[in-house]
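Taken one at a time, structure 1 and structure 2 that follow are two forms of one protein chain, written as structure tokens.
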Structure 1
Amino acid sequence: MKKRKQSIVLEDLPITQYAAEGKALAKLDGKVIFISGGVPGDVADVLITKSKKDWAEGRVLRIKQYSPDRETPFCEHFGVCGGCKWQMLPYAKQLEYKQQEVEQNLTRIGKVTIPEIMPIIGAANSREYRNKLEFTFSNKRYMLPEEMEAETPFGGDALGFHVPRIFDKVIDIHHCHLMHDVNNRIRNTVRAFAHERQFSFYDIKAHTGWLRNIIIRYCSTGELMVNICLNHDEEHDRVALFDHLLKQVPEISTLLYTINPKWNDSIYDLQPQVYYGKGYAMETLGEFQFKISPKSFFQTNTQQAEKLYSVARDFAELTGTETVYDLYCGTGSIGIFVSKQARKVVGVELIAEAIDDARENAALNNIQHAEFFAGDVIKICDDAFFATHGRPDVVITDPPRAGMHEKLVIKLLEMAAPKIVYVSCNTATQARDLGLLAEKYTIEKVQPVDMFPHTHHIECVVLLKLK
């Protein structure tokens, strides 16, 4: 017979500190407990999900006493939706915890000597800050527990966000605060028309149903691009839906559709078709223009991206004579942003389409001294590459969450550029890499930037100088 593990619930546990990645912390009998669902100041009943000798993990079952820090979440979907999870904390408190997490990661994981960390640059707009949102159609609406208990529970269709950890259920979103209110009008108009005409919503398990996704891109220029993904084409219904949408939301500047007959939602191997408008949107960052195609990557918080890039540019202390490498360059936006102050920019990025965009964006801004290369940084950045393009005066590196590959760190140590500007979206892996770079570099400046209010994500720019 299988032995059932007895669940342990710690009652009335005072949660005293912030830990990291959205978790808070309590201490009991010399043991540290990492808790999800609670904030410092709460007293809660906590279900232990993992227990080791010195530490344990758990989640809040019931809050017995609410932290005085808590405030009322502004979103009706809070608690179910996976976005904006930190709404119960005032924005200033979120920033304080992010600042603390940077400090802890850099000192504890990196074990490096750091200067005083500059105060995190918060966002002027902690709502409606995203320029891109994607909503999913599903024939399996997520129902709240109280709805399930109703006499005749009714799921039905939904258009909104996936429920965290339940892959086939979607929350029917009425109002999303992550983007300008136009996102709500688009989504709610499409949903209402689809219901009226009885269009079918996608069934992820059976791979049936017509409507699959809506991707909305709203740029600071006011340009609004909408891409609707369909399982197959139904021309008559499509035209009816699109004409209705364009009439109801005349701000739409480009409307596209993408036929996706695949089992997954990715559109990267598909060709979006233009129904209305020029087929792309223009965005600006500082004095630069960027063309965003339906498949292009672009930083999702334009206002904060501008601040982040300005920090990177300031840290690089460019005078116009430098050769700057922009590693993990995506669509080349950092390289382009610093280009006016550099003699030459060399960008490297894995995704070939992003490099196509980078070249197009450089041309669009009349930048002739930037070159972009597609491929894996650890393959591209060899001795011959540096010999051809010149010894770097400044390396700007902006790796994904996993941080830099160790081989690249070794190469950077070998190249010994006078300055490295390390832009990171994960201070834990950044700390690890800084620990290695400390062999030849000192950490001069650390500037966290908040790109994603109400989430626990942190961006952090670090300036390293050769010893």
Structure 2
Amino acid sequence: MKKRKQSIVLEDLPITQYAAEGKALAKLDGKVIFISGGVPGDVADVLITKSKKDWAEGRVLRIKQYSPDRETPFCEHFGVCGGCKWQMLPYAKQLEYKQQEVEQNLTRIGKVTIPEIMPIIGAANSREYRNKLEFTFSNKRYMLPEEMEAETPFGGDALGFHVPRIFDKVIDIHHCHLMHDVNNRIRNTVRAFAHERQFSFYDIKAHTGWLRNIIIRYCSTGELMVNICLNHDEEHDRVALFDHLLKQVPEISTLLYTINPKWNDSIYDLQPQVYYGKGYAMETLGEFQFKISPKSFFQTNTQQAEKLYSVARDFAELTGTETVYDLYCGTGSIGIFVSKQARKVVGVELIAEAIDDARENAALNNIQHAEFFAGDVIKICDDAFFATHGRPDVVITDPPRAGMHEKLVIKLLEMAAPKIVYVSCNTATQARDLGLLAEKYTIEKVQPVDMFPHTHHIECVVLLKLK
């Protein structure tokens, strides 16, 4: 029988710095301790959760002395919900730490020479900035510690966000500040009606229950698209619920439902059905319109996406004569955004459905000099492709968090485009890729952009030029 390790609590530990990814940092006897739930300037009791020779990880148990930089979180769910972990930091401080992380990642991980990093572009709205949210139904509501101590009956239904690191519990969210208040009205209306009619909430372990998810998209155009995911169809109950929701929230422009009998929540391989409206929503970025279908990817902060794409366009230094390759182009948003300044845009994306959307969005904006191709960039961009479409003068790449595949980096080095504009949502993997590209490229400009206030996430645009 294994002995349980004894818990180690470091008392009255001064937290001195910001580390990365939302964690704070302390040092004790030469050992670095990465701490969640702390702010530089706090003095706290810290529970050690992992300990190695030179470093450890821990979380704040109790704060003995509050940092002067702390402020009161604005959300009733703070500390339980994992969505906005930095609410206790003034927004100006959040931006300061994000700027610091960009510089540290590019120099320490990438080991590249960088120019002075431009000041991070902050958000005008640090609340209600998201255009898309997804909420989960569960018959296992997460119980707060005080509820457990009070011996409140366990469980009950919930509609909200998953508890971090606990896959089968959901926090019952009554007010979320990430989107316009319409998201709260939709969620609370559905929850109340479901309780009144005794509709069953999903059980993730048993794969039973009826109601599974709600996906809400609220566009800057005012269009509001709601997709309710169900484990199976119950037409009578579905009609009653949907009619009630449309009556209570008349702003809904499109209401869909998706029958999901699978064990996971993904809907990429399922077909949403239109109950009310046109089945999609229209969004704008700058002067351009975009049709967003229920499964489309689109930047979730429209205002900041405009700023991000404007930086990418400025960095590309287009004169109207260039062929621009937009890699990981998704639904074509960046390529379309820069198209007016380019002679030709060539978009490449692995997901065929996204390419269909990109082509439709190009047609919607009467852009005839953009072409979009589904497939792997490494396989598509060969000599025959270049002979047909031209070699790139500028490459814009916007990969997922994992960064670019090493084979793609090698392909970019082979392409040897005069300019690369690298848009990233993960400066650690961006730094790794920049280190590889340094073989042929120098870094000319670095511009961080904050897309997600009150979180540790950062976007960063880097301009590289051929040596």
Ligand code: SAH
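Counting starts at 1 with the first residue of structure 1 and goes up one by one along its sequence. Take the two forms, superpose them, and find the largest set of C-alpha atoms that agree within 1.5 Å; that set is the rigid core. Remember, predicted model here, so these are calculated numbers, not experimental data.
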Structure identified as the form predicted in complex with the named molecule: 1
Cα displacement of residue 50 between structures 1 and 2, once the rigid core is superposed (Å): 2.6
